[in-house]
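Starting off, we have a lone chain in the form predicted on its own, written out as C-alpha cells.
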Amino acid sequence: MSDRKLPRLLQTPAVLLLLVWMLIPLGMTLYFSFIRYVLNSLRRPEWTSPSLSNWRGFGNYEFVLKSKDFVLAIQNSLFIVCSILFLTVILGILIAVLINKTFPGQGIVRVLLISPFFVMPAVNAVLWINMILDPVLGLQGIAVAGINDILDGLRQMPLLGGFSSLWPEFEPISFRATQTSAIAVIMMVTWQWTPFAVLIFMTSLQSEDQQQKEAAILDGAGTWSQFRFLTLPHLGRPIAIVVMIQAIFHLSLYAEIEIVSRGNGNKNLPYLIGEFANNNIGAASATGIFAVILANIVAIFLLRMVGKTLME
C-alpha cells in the first residue's frame, strides 16, 4: 500500500461518520420541509405523522415567505450579527493593544478579561437584563435615579438652580421593549464575545515584528502611524478569522432573545424556527433551510474575505 493511500484509508471512518452526522439531519429537514407535518391538527389527523402521502411541495416555503415575521427575522439576524462583529472587533483591538504592554498585575487583568467568555449564554442574558439593564432594580435604574437626585439637589441651590432647571428628568430605558430589545442582545453578546477577540488579537500581537516598530520610531513615526501601518496590517488575518468564527455562532442566537423579549419584535431565524416547531414542523423545516442558505451565503462571503486576507 502506497504512502498516500494509507493516510486516506485511516481518515475514511472519521469522514464517513462526519458525513452521516451532517447529512441525516439535513436530509430529514429537507423531507419535512416538503410535507404537511403538524403536531396538533384536529381537523386533519393524518398530518400529525410525517408521511409521504402528505406531500406539499413548496407550500411550506411559500407559507414561510408570506409570514409577517420572516423578513423581520432576516433583517434582525443580519443587524444583530453585523453590530456584534463591528463592536467586538473594535473593542477587541483596543483592549488587546492596551494590555499588550507590561504593567503590574498583567496576568490577573488578562484572566479577568477572558472570564466573560466562559459564562453560559442563558446566564449572561439573565444577568444583563435583570441586574444591569432593568429600569427599576438594575444598575441602569439605580444610576438614572441617582442622576435625577443630583439634579433635584442642584435645582434647589440659589445660584445653580436656574441653570439646572434646564435639564430634564431622565427616564430609564426599558430594554424589553420592541425598539430596544435588539440593542440589549447586542450589548450582552458583545460583552461575552469581546474576550474571545481580545485573546486572538493579544496572541497575534505577541508575534509582531518589534524591529519594524523600532525602525519606525527612529524614522519619527508617531503612535497612530505605528498602529495604522504596522499593527493593523499585522492583525489582518486574526480579524478575518474572528469575524468568520463569530458570524457562524451569532447567526444561531436564541437564548438571549428568548430571555430578553420572548421574540416581541426581536425575532431572528432560529427564534422563528422555534415558534414554528411548536406545532408546524413543515414550516419550521422550511425556515431551517432558509437559515442554512443564509448561513452559507454569509460563510461564502467570509471565506472569500479570509482567503483574500491570507493571500496578501
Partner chain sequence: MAIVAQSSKFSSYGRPVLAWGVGLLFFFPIFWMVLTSFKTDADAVKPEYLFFFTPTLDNYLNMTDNYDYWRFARNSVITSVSATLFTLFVSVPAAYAMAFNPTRATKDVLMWMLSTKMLPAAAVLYPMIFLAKGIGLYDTHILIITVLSLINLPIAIWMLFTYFKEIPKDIIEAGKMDGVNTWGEIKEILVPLAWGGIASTALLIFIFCWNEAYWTVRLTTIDAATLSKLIEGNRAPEGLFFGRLSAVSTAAVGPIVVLGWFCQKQLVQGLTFGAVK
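Numbering follows the first chain given and starts at 1. Under this definition, the rigid core comprises the largest set of C-alpha atoms superposing within 1.5 Å between the forms. Computed from a prediction, not measured in an experiment: that's the story for all the values here.
One more form of this protein exists, namely the form predicted in complex with its partner chain; it is left out here, but the text below deals with it.
Of the listed positions (Gln179, Gln75, Gln212, Thr223), a single one reaches within 4.5 angstroms of its partner chain by any non-hydrogen atom in the predicted complex, namely Thr223. Checking Leu154, Ile147, Val109, Cys82 against its partner chain in the predicted complex, a heavy atom within 4.5 Å turns up for just one residue: Val109. Remark: Trp128 counts among the residues lining its partner chain in the predicted complex, judged by a heavy atom distance of 4.5 Å or less.
At a distance threshold of 4.5 angstroms between non-hydrogen atoms, Ile93 is out of contact with its partner chain in the predicted complex. Its partner chain in the predicted complex comes within 4.5 Å of a heavy atom belonging to Pro270. Its partner chain in the predicted complex is approached by Pro116, whose closest heavy atom lies within 4.5 angstroms of it.
If you take 197-217 and check each residue for a heavy atom within 4.5 Å of its partner chain in the predicted complex, you get Leu199, Ile200, Thr203, Ser204, Ser207, in sequence order. Superposed on the core, the two forms barely differ at Ile289: its CA moves less than 2 Å between the shown form and the other one.
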